[in-house]
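One chain comes next, on its own, written as structure tokens: the form predicted on its own.
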Amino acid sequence: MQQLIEVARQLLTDKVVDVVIGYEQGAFGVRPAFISDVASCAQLIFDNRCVHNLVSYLSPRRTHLAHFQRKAIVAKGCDIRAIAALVREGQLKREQIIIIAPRCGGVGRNASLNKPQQLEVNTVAPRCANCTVREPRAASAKDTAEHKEILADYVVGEVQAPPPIAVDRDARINALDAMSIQERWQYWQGELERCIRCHACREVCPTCFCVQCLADKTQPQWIESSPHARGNLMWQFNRMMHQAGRCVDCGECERACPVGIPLSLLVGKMAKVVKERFDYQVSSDPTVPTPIGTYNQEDKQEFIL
């Protein structure tokens, strides 16, 4: 994508930023790239293998990038919601980051392919279903001070055709909801028993930015660290509660899971509950507070015993 390369070159040449966080071809498919010199900008690529949400590299716990004071990032329209989340929660200031948003025709589940492949129903990433932000919008002089949504600084690439519709996650969640409580319990016990507690789901999450995670505390120990059923349930259920109303639904936790636990079903169900109870959906507007950060006397409280 020549336009992306040219924008990156200009930003580094003019010393507007110290690093451009993007994608490059690696030995095993596409991988994140951290470009800090103009000569390396030609390494930047963007295609349907670029499924990673790079916004996790803007988290303050990524200390190996802290020495870069000014950053630019390649962020798909859906990833911009994660930037808004970091701004909303005081982890990042909008003026600290330059957003280069590529037009997106959907991304695949597998970033390890050596070249892009035609997306099919069974290869397109679940996050692409019902996506409304494939065509990112750049800020313009027409935007007033009242416009709070985070917009791209640069939009690059040609307009892309929409991807095929992936298997509807809502249908899978509805199928689980149709089960009895005992059946659902058995289902999730079976899935979470496979967790090896590598915490990859946490490491790739753009909104997991605690300096010390609850799962790592030993005095007192809140969550058993061994990979067994009881500790695994405690870990994932705590994580889901911490993500309620905060998760940006990028699906990185499920993609990174080495044993294939369908974590997006948990976060998807949580998002539906938050929508029903608090009429809240994650957006690119960082001025809209999350339910967990606000108190409203009109909130439904029927779940409080």
Partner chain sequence: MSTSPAPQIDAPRSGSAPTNFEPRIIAYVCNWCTYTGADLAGTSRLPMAANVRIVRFPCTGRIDPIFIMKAFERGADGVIVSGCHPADCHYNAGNYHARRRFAVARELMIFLGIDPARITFAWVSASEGNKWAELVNETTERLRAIGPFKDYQALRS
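Here the structure is a predicted model, which is why all the values come from computation and not from measurement. Positions refer to the first chain, counted from 1.
Unshown form predicted together with the partner chain; subsequent notes refer to it.
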Is there a non-hydrogen atom of Trp188 within 4.5 angstroms of a non-hydrogen atom of the partner chain in the model of the complex?
yes
Would Leu266 count as a contact of the partner chain in the model of the complex, using a 4.5 angstroms cut-off between non-hydrogen atoms?
yes
Even though the partner chain is not shown here, does Asp177 get within 4.5 Å of it in the model of the complex, heavy atoms only?
yes
Can you check whether Asn114 is within 4.5 Å of the partner chain in the model of the complex, heavy atom basis?
no
Can you pick the one in Gln281, Asn296, Thr13, Thr287 that has a heavy atom within 4.5 Å of the partner chain in the model of the complex?
Asn296
Single option in Thr132, Ser140, Gln182, Gln212 placed near the partner chain in the model of the complex, where near means a heavy atom within 4.5 Å:
Gln182
Name the stretch, out of 151-159, 91-99, 214-222, 201-209, where some heavy atom lies within 4.5 Å of the partner chain in the model of the complex.
214-222
Go through 89-116 residue by residue and record those having a heavy atom within 4.5 Å of the partner chain in the model of the complex; state none if no residue qualifies.
none
